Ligand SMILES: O=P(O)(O)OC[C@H]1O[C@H](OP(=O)(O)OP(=O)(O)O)[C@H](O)[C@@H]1O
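In structure tokens, the next block holds one chain alone, the form predicted alone.
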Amino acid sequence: MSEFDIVDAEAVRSGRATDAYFDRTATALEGAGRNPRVVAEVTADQFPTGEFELLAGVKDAVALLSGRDVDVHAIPEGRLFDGGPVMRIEGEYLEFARLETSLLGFLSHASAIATAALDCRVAAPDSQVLSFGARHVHPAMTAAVERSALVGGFDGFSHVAAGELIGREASGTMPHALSICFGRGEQEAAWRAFDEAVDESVPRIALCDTYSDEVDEVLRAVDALGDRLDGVRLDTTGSRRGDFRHIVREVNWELGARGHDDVAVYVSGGLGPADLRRLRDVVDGFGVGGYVSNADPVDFALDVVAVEDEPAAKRGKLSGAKAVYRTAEGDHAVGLADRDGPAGAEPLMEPVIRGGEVVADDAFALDAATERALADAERVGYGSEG
């Protein structure tokens, strides 16, 4: 029995991490000697709605389906979608029936987080933005949260173990607890202890709002660390925040008046895209937490749309294998896969698995996914209202 409430990778890979009715469906089909060849599609909306979302989680989805006797097409990770399938699976139904629960979970959560991250990225395109939301999710999800935030354009994240898994170093300097451990009035001792003990590669960014006025603590941090101070972070509790923009402008003013324009100012604490837009011209960077990590999962479903090469679907779903396109105007289009797409449109789905073998590693390489996300956001005018 696991020490923590974490379903292990073997259970996911084997199909034990499934809903009971898939087990019972497989038992019924096996008992009846039926295992038809089907086409199944992962879809959120049947038709475009005008609201784009960012696809993520493809890496884990492909890892789950690899080794199964299936062919899989998918939109590459980091592309925006609006209706129609993001993934198409072809093969005998029992090859993947028990995998549906985990497959949808991989895609639903990651795509929601990546979409929320992109909301923030386009809100502050020239600022440093870090993911600070790992504390809001189950530890088993932290690597997915941080990786998805990177897909959406974030510059970094805070979770150490997630960084080890992803292959990126975690960011962050100090919490309020450091100053509190030294006691009221001893903030300088806390900042100096950090400076003396922490590796030189870590920037000296002092948290400056634990006990007193933000301006007061910022100037004390400058006096305490001098030229070694790279920046300050304000994480003022919402109930004490007042006009946060005004506070930040005061801090910048007082730093400038004393010749410390080179000290960067970062802010965090309950921030979303609207806050980033309002503050982006007066701060150097943001730490964003719950807006990204707590994003509502995309409501993906996996539906059978063809059986033995014949169109088939339940009520309310569109039958037949489908393709999706980015039109020359930057719109999203959906059509039947065996028909021509819109003139001049780019087909979005690519083969990622053939006969169980992965054939397109670049469809979910992290850096490439981030580049695709930012390029696609510009192409479709994502977040242009801000």
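In case it trips you up, residue 1 is the first one in the sequence shown, and so on. A quick note: this is a predicted structure, and the numbers were derived from the prediction, not measured.
We do not show the form predicted in complex with the named molecule, though everything after this point is about it.
The shortest heavy atom separation between P175 and the named molecule in the predicted complex is within 4.5 Å.
For the chain shown alone, S268 is a contact residue for the named molecule in the predicted complex, at least one non-hydrogen atom being within 4.5 angstroms. With a 4.5 Å cutoff on heavy atoms, D235 counts as touching the named molecule in the predicted complex. In the predicted complex, the named molecule lies within 4.5 Å of some heavy atom of G290. This chain appears without its partner; in the predicted complex, the one residue of R135, H246, R240, K314 with a heavy atom within 4.5 Å of the named molecule is R135.
Of the candidate stretches 295 to 303, 91 to 99, 282 to 290, 76 to 84, only 282 to 290 has residues whose heavy atoms lie within 4.5 Å of the named molecule in the predicted complex.
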